[in-house]
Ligand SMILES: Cc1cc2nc3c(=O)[nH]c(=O)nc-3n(C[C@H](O)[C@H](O)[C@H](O)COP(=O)(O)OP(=O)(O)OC[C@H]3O[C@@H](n4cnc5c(N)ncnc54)[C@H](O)[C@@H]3O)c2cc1C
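In the form predicted alone, a lone chain appears below as structure tokens.
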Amino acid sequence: MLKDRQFDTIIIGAGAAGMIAGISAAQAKPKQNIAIIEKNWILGKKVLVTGNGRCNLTNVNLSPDKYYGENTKCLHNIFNRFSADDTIKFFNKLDVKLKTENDGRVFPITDMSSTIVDALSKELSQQKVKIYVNERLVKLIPDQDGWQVKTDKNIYETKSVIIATGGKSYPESGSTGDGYDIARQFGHRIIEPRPALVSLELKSDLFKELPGVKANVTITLTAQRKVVKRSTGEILFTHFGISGPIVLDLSRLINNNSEVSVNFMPELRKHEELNDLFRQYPRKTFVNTLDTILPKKLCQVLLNELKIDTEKQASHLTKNENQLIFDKLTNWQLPIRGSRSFEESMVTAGGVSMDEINHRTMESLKAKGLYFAGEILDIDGVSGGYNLQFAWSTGFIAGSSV
């Protein structure tokens, strides 16, 4: 084995978790010989598209209740080791200026994801971390001194391996689920990966005329008549269904028993309040009255379902008609076909079970010297910088621990 292919630590994957793992490993032990192997030709390909290219890198409102997975209790230990504040300090030390926006979301002041990737790449270079791009892991073989890492180009030897290959979302970024096969090879249980933070498809084409239309609503997800999640915020209609922040956040909870209803007027508590609205415009048709508070295209779709004369003046509506309008506006049932594919999802739900990971080091409890970090693990968060924070935290801990 050539000396330049022998390392103390090899990291598989140069996404958020992999890059910070390389930096933290080098900082923890400056004389370590560290390498990152990345299948893409550039580092941080998925980081570059996060936050619509702005990179929402963390959230100051970080807490375990923003996450899903079979074992989220482990997050207390993980975030105690490396918190949102630690992330902010980490990037400040890399001379990245940050800003905090609505809901605690943190962005680089440049509003460019490349600022984050460039800063990480520069630090990896300064820490003398060896980078191999356009190289794909083929096989991982344990030996008496650690691990033999076989790629499609070379064979390496290392004492420790960090798997930071991501999940299955945005496969064009290189996240194609390769790491799951490695984890299974060493006895790890994989919770079935599925798309999360993704738009939803509707069975009905009732809303096909509404692409681009937005509305502030309350959306309720139920399963077997029990409320699973209720959120208020912006919904966006698309040519295939619905999207928007509140839809993305509930998407990972969708299953075959799921039902979704939308309240287009969450400020209304009873139909008498709708009557008060109509009384303000007695000579207007009730269609034109609704146009004052809802997008016109959306009103037309809603009214097509009501079977009421759209030219009827608001003052001429009967009590029953008022009730019918109120019920439809505040409890519109949307037939969900399912979530969109991994190609469109921002993150992967499921992954390597956290029950089989040492939460203080991110080392496998199945194989000594094998570590996991980032999206490959069975933890996913709501939108708002929480998923990148999990990547920073677990990557930093793994790198510091090898």
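The numbering used is simple: start at 1 and walk along the sequence shown. Bear in mind the structure is a predicted one, so any value in this text is a computation, not a measurement.
Missing here is the form predicted together with the named molecule; even so, the following discussion is about that form.
Trainee: Might Gly374 be said to contact the named molecule in the predicted complex, defining contact as any heavy atom within 4.5 Å?
Mentor: Contact with the named molecule, yes.
Trainee: Can you work out whether Tyr170 and the named molecule are in contact in the predicted complex, taking contact to mean some heavy atom pair no more than 4.5 Å apart?
Mentor: Because a heavy atom of Tyr170 falls inside 4.5 Å of the named molecule in the predicted complex, the answer is yes.
Trainee: Using heavy atoms and a 4.5 Å limit, would one call Ile37 a contact residue for the named molecule in the predicted complex?
Mentor: Because a heavy atom of Ile37 falls inside 4.5 Å of the named molecule in the predicted complex, the answer is yes.
Trainee: State yes or no: in the predicted complex, is some non-hydrogen atom of Ala391 no more than 4.5 angstroms from a non-hydrogen atom of the named molecule?
Mentor: It does: once the named molecule is placed as it appears in the predicted complex, Ala391 has a heavy atom within 4.5 Å of it.
Trainee: With the distance limit set at 4.5 angstroms and only heavy atoms considered, check whether Ile10, Lys122 and Gln148 all reach the named molecule in the predicted complex.
Mentor: Answer is no for this spot.
Trainee: Can you tell me which of 26-34, 346-354, 329-337, 361-369 lies within 4.5 Å of the named molecule in the predicted complex, counting heavy atoms only?
Mentor: Of the options, only 346-354 has residues within 4.5 Å of the partner.
Trainee: Please identify the residue among Gly244, Pro142, Gly104, Gly174 with any heavy atom within 4.5 Å of the named molecule in the predicted complex.
Mentor: The option sitting close enough to the partner is Gly174.
Trainee: Could you pull out the residues of 4-24 that have any heavy atom within 4.5 Å of the named molecule in the predicted complex?
Mentor: Sequence-ordered list: Ile12, Gly13, Ala14, Gly15, Ala16, Ala17, Gly18.
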